[in-house]
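Shown below, as structure tokens, is a lone chain in the form predicted alone; questions about how it binds or moves come after it.
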């Protein structure tokens, strides 16, 4: 049986006990997937997995709190589930986790850049072992999967779900994650160069809040400081300074909580490299608090707790 068949069998065995199971199906064209809410066995015919199934479905779990649901997760997605459990934002007894052993997903931005024509009308997509054949308006282009793989997959050290009730697929051999070239290049810039980079980049931001809405850990959307008028921290002016202020508030609220699932960057309609900020903040949290979000159950994020003295912060020596 294929990995997809095994997943369908596992879901079918628990579907009667659940309000729904959240998976993926083909989206508006063969190149895009979209979340699928499985409520009957007939819905299983639309279920897909693979490199196009990019969404982190853990984002939906807080909206179903109090109801019994199932969710299909990749390794990186499972870290978000763990973090939600650790912060008691969902209840473990209410969630059935169908974990996948993932071989990576694609970046739609990289696919668009690699195609010879604007992919406004995608006729077909054929997924091979190491390639993606995309036919756009009668023109076929074969892309190496490794060339269009999402950056998060290049540095992923958790390809298999860390927590699950069903684990589907062949487990990977653990391996250390390499560094990411774009991150190294960014951090090597001077402060002036970084400031100029973000000035230009944040000038593209349209403040649509797609990054916030796609984030599984951004759970206070109805009370978000970005849209509050009392107090007023961020105005609605579309200026690089105001846009950067919003992003700095966002990344600060995620310090020690961000699982680097990449949903913020994927959802951005103007391709702002938001993960540069997230990875940098996570690096500081690792260095100071020795903490990585979503790696283990029953861990409290360091900024959600209090110690009189932190072991790695020398407050008295200043």
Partner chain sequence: MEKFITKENLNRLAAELAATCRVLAPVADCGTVTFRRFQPGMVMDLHSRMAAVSPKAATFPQTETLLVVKREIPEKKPEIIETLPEGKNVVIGCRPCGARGKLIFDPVYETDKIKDPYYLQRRKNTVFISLACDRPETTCFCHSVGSGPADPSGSDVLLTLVGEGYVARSVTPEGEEIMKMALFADAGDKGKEADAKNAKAREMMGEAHDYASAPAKLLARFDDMDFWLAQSAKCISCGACTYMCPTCYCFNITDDDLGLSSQRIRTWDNCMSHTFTLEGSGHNPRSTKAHRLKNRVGHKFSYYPDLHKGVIACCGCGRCIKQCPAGVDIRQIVNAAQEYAE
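Residue numbers count along the first chain shown, from 1. As the structure is a computational prediction, the values presented were derived from the model and not from experiment.
The same protein also has a form predicted in complex with the partner chain, omitted here; what follows describes it.
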Worksheet item: Which one of these stretches, 152-160, 122-130, 99-107, 68-76, sits within 4.5 Å of the partner chain in the model of the complex when only heavy atoms are counted?
Response: 122-130
Discussion item. I'd like to know whether residue 142 contacts the partner chain in the model of the complex, with contact meaning heavy atoms within 4.5 angstroms.
Written reply: no
Discussion item. At 4.5 Å between heavy atoms, is residue 207 in contact with the partner chain in the model of the complex?
Written reply: yes
Worksheet item: Is there any non-hydrogen atom of residue 44 lying within 4.5 Å of the partner chain in the model of the complex?
Response: no
Discussion item. Please determine whether residue 39 contacts the partner chain in the model of the complex, using a 4.5 Å cut-off between heavy atoms.
Written reply: yes
Worksheet item: Are all three residues 227, 238 and 269 in contact with the partner chain in the model of the complex, where contact means a non-hydrogen atom within 4.5 Å?
Response: yes
Worksheet, complete the sentence: As a check of understanding, the residue in 85, 214, 219, 167 with any heavy atom within 4.5 Å of the partner chain in the model of the complex should be identified as 214
Worksheet item: Of 137, 177, 171, 188, which residue is found within 4.5 angstroms of the partner chain in the model of the complex when only non-hydrogen atoms are counted?
Response: 137
Practice prompt. Just give me the residues of 8-42, first to last, that have a heavy atom within 4.5 Å of the partner chain in the model of the complex.
Written response: 28, 29, 34, 35, 37, 39
